[in-house]
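Okay, here we've got a single chain as structure tokens, the form predicted alone, with questions on binding and movement later.
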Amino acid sequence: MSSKQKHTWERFTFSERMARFTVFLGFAVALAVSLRTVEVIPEFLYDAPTQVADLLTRMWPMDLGYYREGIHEAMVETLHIASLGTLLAVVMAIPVGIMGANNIIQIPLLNWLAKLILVSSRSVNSLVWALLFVAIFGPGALAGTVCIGFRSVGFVGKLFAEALEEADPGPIEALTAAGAPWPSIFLKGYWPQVAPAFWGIFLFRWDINVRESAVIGLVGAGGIGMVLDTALNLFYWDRVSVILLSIFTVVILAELLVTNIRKRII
């Protein structure tokens, strides 16, 4: 090779450039197909700012007096649904999480069964769970509570199982060698290690459930969502604005509360 031959520096090899081009091309094709499937109507897009301005005009001034009359009780019910649903999820998730931890239950069939339960819970959307339990229990807070519980099992159980699998085996081996029974091994060996993560998971899921409890009411599962659905159907926009403001305020307060508690626990 001649000493005068110039070397050119390239950030990516030819195969890497082709791989990047293929990925970008795939995204572009998927976007084009999606736009054709969605059938976006340009006239609606052009008219959207006008419609938003008109909607905001209808929402103002807010009917603040409606809060005590029709919102406060429903908001309290929403918080009850979120809290009881989270507790129900924890009760169900602890045994499922233990069963899904490979280092505790070394039976592949039970591990597979636990993972099936956890995946099934997460794969079904909250509104779908809500529709199912409204059909079973009828409209109201009971359907919402059970919906939140079943929806949260997958989240809480999966993270709890992962925390158990990451536990330091040293204390467990020492307790086992000392002949401690399994409940003592779990309470003295595993639980002290996973307790901070468990309470963090519990608080984080409760925070999420406060938001979801406000949504599932739109399909009849109790709480503030039912009040919002009624106001929307009757075109009471001044009440809709108050309801949305109430939901936003409660969500922010829940976030602040959970953040402060987590700082003290973890």
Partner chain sequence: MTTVTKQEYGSPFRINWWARAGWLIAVLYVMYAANYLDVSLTRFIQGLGNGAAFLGEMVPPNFARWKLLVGNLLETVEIAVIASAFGVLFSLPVGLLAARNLMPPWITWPARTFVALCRSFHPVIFAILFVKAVGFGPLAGILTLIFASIGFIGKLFAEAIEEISLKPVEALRAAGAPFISVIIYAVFPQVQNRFIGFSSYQFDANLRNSTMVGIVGAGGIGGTLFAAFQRFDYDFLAAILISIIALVMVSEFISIRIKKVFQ
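Just so we're on the same page, rigid core means the largest C-alpha set that superposes within 1.5 Å between forms. Positions refer to the first chain, counted from 1. As the structure is a computational prediction, the values presented were derived from the model and not from experiment.
A second form of this protein, the form predicted in complex with the partner chain, is not displayed here; the remarks below concern that form.
The closest heavy atom approach of Leu110 to the partner chain in the predicted complex falls outside 4.5 Å. In the predicted complex, at least one heavy atom of Ala141 sits within 4.5 Å of a heavy atom of the partner chain. The shortest heavy atom separation between Asn102 and the partner chain in the predicted complex exceeds 4.5 Å. Shown alone here, Ala197 lies farther than 4.5 Å from the partner chain in the predicted complex, counting heavy atoms only. Remark: all three candidate residues (Leu84, Leu87 and Val215) come within 4.5 Å of the partner chain in the predicted complex, counting heavy atoms only.
Shown here without the partner chain, the chain has Leu116, Val119, Ser120, Arg122, Ser123, Val124, Asn125, Ser126, Leu127, Val128, Leu131, Leu132, Ala135, Ile136, Phe137 in 104 to 137 lying with a heavy atom within 4.5 Å of that partner in the predicted complex. Once both forms are fitted on their rigid core, the CA atom of Val29 lies 2 Å or more apart between this form and the one not shown. With the core held fixed, the Cα of Ala19 is displaced between this form and the one not shown by 2 Å or more.
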